[in-house]
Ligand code: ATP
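Heads up, the chain below is alone and in the form predicted alone; it's given as structure tokens.
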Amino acid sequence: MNEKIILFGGTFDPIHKGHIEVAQSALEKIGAGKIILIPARRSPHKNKQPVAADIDRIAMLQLAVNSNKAFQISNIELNRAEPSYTIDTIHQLREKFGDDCDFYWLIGADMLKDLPLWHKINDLLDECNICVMNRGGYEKPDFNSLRRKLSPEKTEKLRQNMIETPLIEINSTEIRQRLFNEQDVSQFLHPDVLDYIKRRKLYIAKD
């Protein structure tokens, strides 16, 4: 049986407990041996650059997952020139891990509608399992809306790979805003991550 490897991309600006909770849930439901967190320099679908520098986001990721051996971090997308596409990441990781593994790429349910616009999406769906994470308590995403843009087979593969994850009521944007406003965020961040943010004076008003 092929090794199962989960790939979780994002800006992680900053990484918070919600990221870890949904990643751990996916790890258990897919039955994977490892999960690789892949910080993006900038998503091709977003215009904004991350607020924190690459080196700081990597450092925060390391602090957040240091005690969990199933978690790894890859700077593969930070080291690649823009534009950086998911299919390119899959090809590079395939060279590293070989053909004896199955990749599972996690995306949020809110990203599903734009999935047909992803670079070489048909190749991507052939080469890895894209797993749509649907938060508990929310309606399941409408996969039928993709049928005009993707083949029935690929649409069904997406449906079969949907995983339900815990309901998380916070995101990185809100955390950055709270930090900017000098509000408490200790319940959302690993203590070492919060300490790093304070020491590095990240996400605060600049003089």
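All residue numbers are counted from 1 along the displayed sequence. This is a predicted model, so every value here is computed, not measured.
The same protein also has a form predicted together with the ligand, omitted here; what follows describes it.
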property: Option from 66 to 74, 178 to 186, 140 to 148, 165 to 173 whose residues, in the predicted complex, bring a heavy atom within 4.5 Å of the ligand; result: 165 to 173
property: Distance check, N134 to the ligand in the predicted complex, heavy atom within 4.5 Å; result: yes
property: The ligand contact in the predicted complex: P116, any heavy atom under 4.5 Å; result: no
property: Contact flag, E127 vs the ligand in the predicted complex, heavy atom cut 4.5 Å; result: no
property: Proximity of Y196 to the ligand in the predicted complex, heavy atoms at 4.5 Å; result: no
property: The ligand: the contacting residue among D123, D88, D102, D110 in the predicted complex [heavy atom, 4.5 Å]; result: D110
property: Those residues of 1 to 25 which, in the predicted complex, come within 4.5 Å of the ligand by heavy atom; result: F8, G9, G10, T11, F12, H16, G18, H19, V22
property: Direction of C-alpha distance change in the predicted complex, G137 to Q160 (at least 3 Å); result: farther
